[in-house]
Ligand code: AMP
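Here's a solo chain for you in structure tokens, the form predicted on its own.
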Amino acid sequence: MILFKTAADLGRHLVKLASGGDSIGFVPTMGALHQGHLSLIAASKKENAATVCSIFVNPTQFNDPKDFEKYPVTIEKDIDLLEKAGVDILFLPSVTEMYPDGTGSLPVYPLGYLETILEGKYRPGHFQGVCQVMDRLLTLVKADNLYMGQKDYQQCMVVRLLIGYRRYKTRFHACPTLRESDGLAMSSRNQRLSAAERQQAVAISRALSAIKNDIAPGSTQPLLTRAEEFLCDNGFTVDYVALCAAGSLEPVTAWDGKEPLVALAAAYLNEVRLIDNMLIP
């Protein structure tokens, strides 16, 4: 594995790969890696001649500075995992390398409805930050294929929108959420949970599973109310539990029994905010 810390060095190496006709797969991360990230790398390695992974904790997508400060950093462990996973290139830039002109006057992206709901509503500015860092990374890496996890469902939709808006040739791949044996979605934020909180945390996947298992044509509100009450009873402070059209994230208040849906939830367990989603059917 070759490690690059500057855009210039990365670019020179990628030009050589591209001139040889090698396809490039890209897995962007913020570090604190787990098996979910490694599954994205495996998907890239299966379909590309070379796999690039980036580790960069992007300050512009944290609407809460305290959340940014507490984000887990495990760089030595991450490098070891990436080497064992067979990653070809690791890009490990600094903030100044990613934002050479500073973060004071970054572009604003036309995200429309997606920026006003769910994560967009509860984390104002978050998706602008996602687009700012992904725009920069996609410009630098020029990947043929991009792999991101379905756990961040709304983020996947935003990045797809960015790729179309900026007319990148990169193909987007949303990969299935990996879960622990008890059902909890794998997440870097899980590292911040105490042992007791880790036991409680599985309630978020159980709440979504109940929606998926119990849904029937008709009003969706009783299901959402029960799921929110279940989370509150298990120690969560709920931002939202929602049922939306899978393709648009428009809320679905009455289901026809046919339209593909996604159930989504975001909730705090003390200071740690967890998100999850499940597709229906």
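All residue numbers are counted from 1 along the displayed sequence. Just so it is clear, the model here is predicted, and its values are computed rather than measured.
As for the form predicted together with the named molecule, it is not shown, yet the points below apply to it.
Asker: Can any non-hydrogen atom of residue 198 be found within 4.5 angstroms of the named molecule in the predicted bound form?
Answerer: Judged by the heavy-atom cut-off of 4.5 Å, residue 198 is well away from the named molecule in the predicted bound form.
Asker: Do residue 177 and the named molecule come within 4.5 Å of each other in the predicted bound form, heavy atoms counted?
Answerer: Looking in the predicted bound form, residue contacts with the named molecule include residue 177, since a heavy atom lies within 4.5 Å.
Asker: So in the predicted bound form, is the named molecule close enough to residue 149 to count as touching (4.5 Å, heavy atoms)?
Answerer: Yes, contact at 4.5 Å.
Asker: Does the 4.5 Å heavy atom contact test between residue 40 and the named molecule in the predicted bound form come out positive?
Answerer: Yes, contact at 4.5 Å.
Asker: Considering the named molecule in the predicted bound form, find the one stretch among 238-246, 28-36, 224-232, 42-50 with heavy atoms no farther than 4.5 Å from it.
Answerer: Partner-contacting stretch among the options: 28-36.
Asker: Which pick from 109, 71, 99, 168 sits with a heavy atom within 4.5 Å of the named molecule in the predicted bound form?
Answerer: Exactly one listed residue reaches within 4.5 Å, namely 71.
Asker: Within 4.5 Å of the named molecule in the predicted bound form, heavy atoms considered, which of 163, 133, 186, 141?
Answerer: After the contact test, the surviving option is 186.
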